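As a starting point, one isolated chain is supplied in structure tokens, in the form predicted alone.
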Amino acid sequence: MENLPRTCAPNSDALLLDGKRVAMHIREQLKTRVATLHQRGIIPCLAVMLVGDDSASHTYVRTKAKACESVGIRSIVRHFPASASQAALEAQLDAWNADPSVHGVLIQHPVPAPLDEAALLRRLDPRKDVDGITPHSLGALVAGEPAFGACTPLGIIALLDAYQLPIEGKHAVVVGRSVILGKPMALMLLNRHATVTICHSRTRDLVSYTRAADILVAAVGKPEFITGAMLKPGAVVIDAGYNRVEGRTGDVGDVAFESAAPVASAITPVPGGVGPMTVAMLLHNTVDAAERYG
């Protein structure tokens, strides 16, 4: 990416990976593509299914709707109560699957139990899976076939590329194995010719793996779990965690930033690192869907 400012993290020489700035650049590019679609009479449209009253989910959906508006994407939000039936949710998905004016569909995670989120994902048309987490999309990622990528790992790859940080030949360690982040992240890194290790809650001697990582992706869901003492000097550290800690203001990552930054060669902040890239990739996938199938 041309003319990308390269600033250091506070109190360190580590390159600060500014996801907010990179995401803004991506959005500007998307505006041009959306304008071209509008000239063809195609209005990119993202439909969002929101179930229940989880406050974080409502906040995320509002953020995504505002982001859509900023680049000219139409957004539809259908809010269902937690008491909604599985049949009602499936009927809505069927309607969106059949509607040619809807290009992307997002099922906001989590869908509260006893509703079956996995069944909803299986029902979604893969051509509209702009969140990239249906079994079809994940299977295509394994096989190296075209499909929409999961937004957070896709955003991390885009961020590494924006700062021209090499992936090929590097040892990448992913701490976390979720379907929406850890597993697709490992596959995307593997597809870019990194040697990949996946660690998780049952990994023995975790530090022996994290200290060997040229690229470390923290997606474990525990605040400030990864410390500077757990890092290889010069590692590229990607913090994909967002945690609320009682008594502290704002989100806290999975990486203890102040101890990690002096050890790392590059690091993402929280907030302002991975989060904006996730939203940018959702918009990117929606525009891709409109261009392919609009």
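We number the residues from 1 along the sequence you see. This structure is a prediction, so every number in the text was calculated from the model and none was measured.
Beyond the structure shown, there is the form predicted together with a small molecule, which is absent from this document and is the topic of what follows.
Do heavy atoms from each of 197, 227 and 268 fall within 4.5 Å of the small molecule in the predicted bound form?
-> Answer is no for this spot.
4.5 Å heavy atom contact, residue 219 and the small molecule in the predicted bound form | Answer yes; at least one heavy atom of residue 219 falls within 4.5 Å of the small molecule in the predicted bound form.
May I ask you to state whether residue 23 is within 4.5 Å of the small molecule in the predicted bound form, using heavy atom distances?
-> No, residue 23 sits far enough from the small molecule in the predicted bound form that none of its heavy atoms falls within 4.5 Å.
Residue 44 near the small molecule in the predicted bound form, any heavy atom under 4.5 Å?
-> Heavy-atom contact with the small molecule at 4.5 Å: absent for residue 44.
Contact test in the predicted bound form: residue 70 vs the small molecule, heavy atoms, 4.5 Å | Looking in the predicted bound form, residue contacts with the small molecule do not include residue 70, since no heavy atom lies within 4.5 Å.
Exactly one stretch in 187-195, 97-105, 79-87, 200-208 has heavy atoms within 4.5 Å of the small molecule in the predicted bound form; which is it?
-> Looking at the other structure, the answer is 200-208.
Just one of 111, 181, 159, 173 has a heavy atom within 4.5 angstroms of the small molecule in the predicted bound form, so which one?
-> The option sitting close enough to the partner is 181.
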